[in-house]
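The form predicted on its own is given below as one chain in structure tokens.
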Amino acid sequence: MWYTKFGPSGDVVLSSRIRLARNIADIPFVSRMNKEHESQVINRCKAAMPEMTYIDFSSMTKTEILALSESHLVSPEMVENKRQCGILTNSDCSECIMLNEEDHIRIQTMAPGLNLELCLTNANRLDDRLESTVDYGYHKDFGYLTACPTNVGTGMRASVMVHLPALTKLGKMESIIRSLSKLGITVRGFYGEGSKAFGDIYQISNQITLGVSEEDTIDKLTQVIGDIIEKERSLGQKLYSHDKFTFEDKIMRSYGILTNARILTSGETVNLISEVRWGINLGIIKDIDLETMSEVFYDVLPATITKNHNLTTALERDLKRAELIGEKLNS
């Protein structure tokens, strides 16, 4: 899948995403829809995008939907959605259209590494295809009309997922978050709005959608991310050179636990993988690459491992997680 690949500046940037919020003009907003309206949204979008695969949430278990959320195909809010809803997606899941989430339509395009321009190009292509057959709610002064006022305008959220162990360890994140907020940029956790950062992973995205173009938003965010990448790399090298042997010992202990543990909880695993990724970037660990670590990371997230291996208890998950990680890294 796209999210296990190594992209531009992939040592720091895990992935990029563009999300466009849209609503169909002659159908009430999601909060006011009835069952017939829900079906109309789905059927119109399926007809407009016949080459994409439709996944109907009514035929899935909660664990299966949670696994989609872990892969960032759907929002955490959509997991609890009681409406008729689903997603349209392409073969590698780098393009996904959520139907009947907070808005009728949420177009998402993703790419590994820092690649917002590619994501925007792909999102605009999907958007143009839909708009050729579906009339959007649009106002000449305000732009695209959305369920939440904070999305009115372009309806676009551009976000970049970054791994920042050095900035986190040195306590720099609070000041970065404050300074970015003044620029109309927000920092969130691994699953976006309302979630916490874990494994030193953050989502950085634009807040402003009204009165600014999509291209200007992308340029601004790309410049900010570039500055953060430079800081992370520089501080990482300084930390390593300051106390080389202690640093290497900590990284290798984390690697040793991952490759030899019998039981691994989800929280412990995420933190250990963060340390090992850092060790790979600094050249301490040489026989494992970042793509392998990304595969391991996503394969052992709670809902994904439960779904793929038909597990029923937390202990079964923790045992299977340790087994899978050991097999993958030791091979």
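In this text, residue numbers run from 1 along the sequence as written. Bear in mind that the values here come from a model prediction, so they are computed numbers and not experimental data.
In what follows, reference is made to the form predicted together with another copy of the chain, a form of this protein that is not presented.
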### Query
Should residue 125 be counted as a contact of another copy of the chain in the predicted bound form, where contact means heavy atoms within 4.5 Å?
no
### Query
Given that the partner is absent here, does residue 25 sit within 4.5 Å of another copy of the chain in the predicted bound form, heavy atoms only?
no
### Message
If we define contact as a non-hydrogen atom of the residue within 4.5 angstroms of the partner, is residue 211 a contact of another copy of the chain in the predicted bound form?
### Response
no
### Message
I'd like to know if residue 252 sits close to another copy of the chain in the predicted bound form, meaning any non-hydrogen atom pair within 4.5 angstroms.
### Response
yes
## Note on the structure
The one residue among 246, 241, 133, 175 placing a heavy atom within 4.5 Å of another copy of the chain in the predicted bound form is 246
### Task
May I ask you to choose, among 121, 237, 260, 150, the residue with a heavy atom within 4.5 Å of another copy of the chain in the predicted bound form?
260
### Task
Can you check 261-269, 65-73, 48-56, 274-282 and let me know which stretch has heavy atoms within 4.5 Å of another copy of the chain in the predicted bound form?
261-269
### Query
Which of the residues spanning 304-320 lie within 4.5 Å of another copy of the chain in the predicted bound form, based on heavy atoms?
315, 319
